[in-house]
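Before any questions on how it binds or moves, here is one chain, the form predicted on its own, in structure tokens.
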């Protein structure tokens, strides 16, 4: 199908990330087809669609996580602030500092709470001394809503925290290197409703500073937290627009069928 017919890109000056005619192949499997998508700063963009439709595959293109898969081949362009992230001159380590990622299951390092957050700033040289590192750790834990819960036990293992706390620790670890974009791949799927609500509140606060791309199976969650929504189906973007419009007045019948639960 012709994506351009249903997608209204934002002006280039408004987009932090621009994906243009992105195709992803795993061997002979054509997983993503001609995806065009603009990600705006200080906005939550939700990626919705059935399992296996390409949401997470596309997400992993944005910080080149697919590079680790030998059979994966990507065509088209993805730019961050106008620069092609697949250009040979790009340092992938630095790219992943600029485009952080929070995974489906919390994955704290087998280190203390403090060292989980301090790890990125240390390897990227973001702190000149221990005082500056302490400040980064404090600020990151505070912004992730975790400081008051862990300030008296920073030396205990990150793995000793509850699931929801571990996920917020991973968010603190991500924002400690001051990224421009945060990718979230179903970060609440392993959490209970209370922990999920805390993460959603946190996302609403973080969008004041970061562009956030949020993969979710929950249409209710997408409606609650996002300003833009892209509906993926069989590797294509069927429709992209303001979240309110997508959920209340979709332009494409297939989107309407998914939103109303006729398939999924």
Partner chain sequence: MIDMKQGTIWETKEMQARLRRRYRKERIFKSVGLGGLLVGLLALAILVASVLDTGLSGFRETRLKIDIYMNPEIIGNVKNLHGDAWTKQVRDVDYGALIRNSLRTKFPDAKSRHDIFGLLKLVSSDARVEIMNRLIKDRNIIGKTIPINLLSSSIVDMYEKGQILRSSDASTRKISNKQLAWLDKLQAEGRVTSQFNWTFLTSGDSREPELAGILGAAVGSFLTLLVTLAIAFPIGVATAIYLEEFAPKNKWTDLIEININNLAAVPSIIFGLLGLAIFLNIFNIPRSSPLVGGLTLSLMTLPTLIIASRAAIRAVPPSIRDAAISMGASPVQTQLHHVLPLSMPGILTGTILGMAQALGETAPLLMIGMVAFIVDIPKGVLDAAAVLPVQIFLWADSPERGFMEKTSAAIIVLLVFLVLMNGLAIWMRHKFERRW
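Residue numbers count along the first chain shown, from 1. Since the structure is predicted, the reported quantities are computational estimates derived from the model, not experimental observations.
In what follows, reference is made to the form predicted together with the partner chain, a form of this protein that is not presented.
Undergrad: Report yes if any heavy atom of residue 119 sits within 4.5 Å of a heavy atom of the partner chain in the model of the complex; otherwise report no.
TA: Close contact exists here: in the model of the complex, residue 119 approaches the partner chain to within 4.5 Å, heavy atoms only.
Undergrad: Is residue 33 one of the residues lying within 4.5 Å of the partner chain in the model of the complex, judged by heavy atom distances?
TA: No - in the model of the complex, heavy atoms of residue 33 and the partner chain never come within 4.5 Å of each other.
Undergrad: Should residue 159 be classed as touching the partner chain in the model of the complex when contacts are defined as heavy atoms within 4.5 Å?
TA: Contact with the partner chain, yes.
Undergrad: Taking heavy atoms only, is residue 151 within 4.5 angstroms of the partner chain in the model of the complex?
TA: Residue 151: no, not in contact with the partner chain in the model of the complex.
Undergrad: Since the partner isn't included here, can you check whether the partner chain sits close to all of 60, 101 and 111 in the model of the complex (heavy atom within 4.5 Å for each)?
TA: Every residue of the candidate spot has a heavy atom within 4.5 Å of the partner chain in the model of the complex.
Undergrad: Note which of 78, 191, 133, 177 lies within 4.5 Å of the partner chain in the model of the complex, where distance is taken over heavy atoms; exactly one does.
TA: Contact check passes for 177.
Undergrad: Of these, 231 to 239, 200 to 208, 41 to 49, 65 to 73, which stretch puts a heavy atom within 4.5 angstroms of the partner chain in the model of the complex?
TA: Answer to the contact question: 65 to 73.
Undergrad: So which bits of 121 to 153 sit within 4.5 Å of the partner chain in the model of the complex, heavy atoms only?
TA: Sequence-ordered list: 123, 124.
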